[in-house]
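Encoded as C-alpha cells, the following chain is the form predicted on its own, with no partner shown.
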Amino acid sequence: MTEPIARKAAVLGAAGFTGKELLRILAAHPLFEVSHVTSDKHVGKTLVETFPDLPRPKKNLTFQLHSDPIPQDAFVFLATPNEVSLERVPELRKKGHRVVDLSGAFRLHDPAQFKEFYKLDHNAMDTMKECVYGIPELYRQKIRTANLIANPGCFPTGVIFPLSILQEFAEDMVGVSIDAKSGVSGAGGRVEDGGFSYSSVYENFRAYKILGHQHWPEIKEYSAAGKLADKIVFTPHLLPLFRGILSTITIFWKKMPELAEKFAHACEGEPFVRLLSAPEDVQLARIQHTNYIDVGIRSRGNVTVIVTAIDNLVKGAAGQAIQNLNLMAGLDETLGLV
C-alpha cells in the first residue's frame, strides 16, 4: 500500500515560541510536511542546528527570509510580527496561498481600535474582508471553505467559547470580569523576538497591560457576538511558569439563568473541549502540551464563575492553527493533535 502524498506547509517565523510549536506538531502530522521555514534572525541556519531538541525532520530545511518566495502549492502559517503579516498576507493571498495567520493583524475589524491597541496603521482592510476568525467550536463551517484564517489570540481562546454559550442571556448580565493568568511564553511569545525573560517572573507575580492589552478588543468583538462589549473588563497577569493560561470569568447577573444544561449541550461532541464537574478541577498541569480547553462552572446567588485552562502555545496558538488547517484541507480536525 502506497503512502499518501504529503501536502506542503510553510511556516513563516518558525524560530519563535509559536513557530517552534508548529514545527513540533507538524513533524507528527500524517498528511502535512514542512517544506519552507523563515526567520530573519536565523537565516542560513538549518532546523537541526537551531532546534536539536525537535524530532529530526525528513528534510533538514534552511531558514530563509520572511520575504523569500514560498512553494506555490503550500499552505502557509505566519507566526510573524504584526507588521510582517500585514505586508505578507495580502501578497500570499494574491498568489493563491491558503493562509493561517497567528499574528494579531487580521483579528479586529475596526481600524481605529487596531491602531490604538497594536500601534500600527491597518493598510489591508480589503484582505480583512475574506478573513474568518479561527475558533473551530464557533465557526467550523466557515473555516472549512476559508482561504484566510485569523488564528485567535491565546487569552481570547480561553474565554470566547464559554462566553458565547451565554449569548442569549447578555441582557441579563450586569458585568463580566476576566482575570487571566499566563505563563511567560504567552506574554508576547508568538513572534521570534517575543516573550519576557524568566528571570523577570521568577518568584514574582504581577498584572500587566491593564486596560490596554491588545486582546481586550478581540475578546469584546467576538464574545457572544459582541453583545458583551460594554460589560467586559479584562486583566492579564504573568505567572512564573513557561506555558499555560488559567482564566477566571466572573459574571454578575440581574437575573440568574439556568446554565448547566446549556454548557453540557454546547460542549458535547466538541473534540477539544472538556467540561469538568467542578471549576476547582481545572488545572494548568492537565492541559499543558495538549489542544484541550478545560472548562468548569459554578453559580451561586447572582454570580457565576467559569474557570478555563488552555496551553497558550497549543490550543492558544499552534494547535488551534493546525486544527484550522485540517478543516481547511477537508481533513478530520483532530489529525496530528492531542
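Residues carry their position along the shown sequence, with the first being 1. None of these values were measured; they are calculated from a predicted model.
Omitted from view is the form predicted together with another copy of the chain, to which the following refers.
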Among 138-146, 95-103, 237-245, 71-79, the region lying within 4.5 Å of another copy of the chain in the predicted complex by heavy atom distance = 237-245
key: Non-hydrogen atom contact residue 179 with another copy of the chain in the predicted complex at 4.5 angstroms   = yes
query = Applying a 4.5 Å heavy atom distance criterion, does residue 255 contact another copy of the chain in the predicted complex?
reply = no
query = Quick one: does residue 111 come within 4.5 Å of another copy of the chain in the predicted complex, counting heavy atoms only?
reply = no
query = Is the gap between residue 230 and another copy of the chain in the predicted complex 4.5 Å or less for some heavy atom pair?
reply = yes
message = Contact check in the predicted complex: 55, 116 and 290 versus another copy of the chain, with a cutoff of 4.5 Å between any heavy atoms. Do all three pass?
response = yes
ask   = Looking at 259, 125, 207, 225, which is the one with a non-hydrogen atom within 4.5 Å of another copy of the chain in the predicted complex?
value = 207
request  = Quick one: from 29, 42, 36, 274, grab the residue that has a heavy atom within 4.5 Å of another copy of the chain in the predicted complex.
outcome  = 274
message = Within 4.5 Å of another copy of the chain in the predicted complex, counting any non-hydrogen atom, which residues from 256-289 show up?
response = 271, 272, 274, 279, 280, 282, 283, 284, 285, 286, 288, 289
